[in-house]
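Next up: just one chain, as structure tokens, the form predicted alone.
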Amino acid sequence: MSRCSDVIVVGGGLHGLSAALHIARAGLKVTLLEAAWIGRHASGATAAGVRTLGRAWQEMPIALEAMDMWHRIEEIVGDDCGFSASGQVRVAEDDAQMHALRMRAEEGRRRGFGNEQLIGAELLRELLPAASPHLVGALHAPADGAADPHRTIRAFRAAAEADGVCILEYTAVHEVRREGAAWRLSTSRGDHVAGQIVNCAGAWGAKLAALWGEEIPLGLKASMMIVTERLYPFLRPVVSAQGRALSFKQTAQGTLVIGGGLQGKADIDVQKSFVDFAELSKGARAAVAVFPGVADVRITRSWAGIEARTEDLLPVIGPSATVPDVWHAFGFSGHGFELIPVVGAIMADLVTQAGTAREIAPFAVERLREARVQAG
């Protein structure tokens, strides 16, 4: 027996939950299918930075809208998701890096974006009193911050289910075929039929698209994280470094969460990822270079996630290039957390109106195939 919905969302990460939530609030019947459990991969492994700082200019319009949504996230999902607008800071360690940050700030102003502010060494020391004295300045986004990833998952799931979304875990999609004006998805737990499909399958987004014959070039990331023992509170902003792979924050519980894009290994066929400890040590060294006082802090755990990576590091948001009534939202390449609320709203626009007033043209899936052809 087949179960019918208006829309099937495939992928139970935060973008899938947000899409399902917003589509359900638009009045449609939504089923969400997740092959494992909700938040199993990238959403459960993220450092949960809520960041406009340093974003690609193409992403900035939707990132700024998403930031406004984060500042009222409790109105949207009934919980503050642990969001704290503590700011984000990208530090410079020498004059060349400071020059690069100054050029970025000037370009942002020229484009009409006022979220990033250049600050000198004196103000930086007030923001980061525990940082190394050799830092010469920074780019500061005071409205940015961070959230609690698992609390965010729980909040979006609860909100989606409260609005009628049917969430089915351990339900892997094996086959997709067109039947008249509908789509039939054969899964590990029976068939599901819907008028539209939203592809939020993350690292598996291209594999899902291949089921209806759409070829999408897509890479893979296995970003690693370190968590330390609890420390006294000494840091509010999330810190990155212009010349290093570093993301450094202190949680409300006092632990340090250290990342920055250092890569482990992953196998999406078996849904497993692996920490590369030699590579991970670079993150620890970068943290000590910027915050020398953490040199003797003990690491309590580390992990690697699995997420999609596009060639240009921009997400895929928009319609399928080859079939009707299919919409993509994946490929966030390690910086999709901040975009969660607005991407859900965009998916609701696309599903209900077949278009959106938001600027998503840079994220069209066609660009990936065209780039692959041009590269030979």
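Worth saying up front: this structure is predicted, and the values here are computed from it rather than measured. From 1 onward, residues are counted along the sequence shown.
Form predicted together with a small molecule: not shown, discussed below.
- For the three residues Asn115, Pro142 and Pro237, a heavy atom within 4.5 Å of the small molecule turns up in the model of the complex in no case.
- When the small molecule is considered in the model of the complex, Glu59 lies well away from it, no heavy atom lying within 4.5 Å.
- The shortest heavy atom separation between Leu208 and the small molecule in the model of the complex is within 4.5 Å.
- The small molecule is not shown here, but in the model of the complex it comes within 4.5 Å of a heavy atom of Ala48.
- By the criterion of a heavy atom within 4.5 Å, Pro341 is excluded from the residues contacting the small molecule in the model of the complex.
- The partner is absent here; in the model of the complex, the one residue of Ser84, Thr255, Thr171, Gln242 having a heavy atom within 4.5 Å of the small molecule is Thr171.
- For the small molecule in the model of the complex, the listed stretch (344-352, 316-324, 60-68, 27-35) containing residues with heavy atoms inside 4.5 Å is 27-35.
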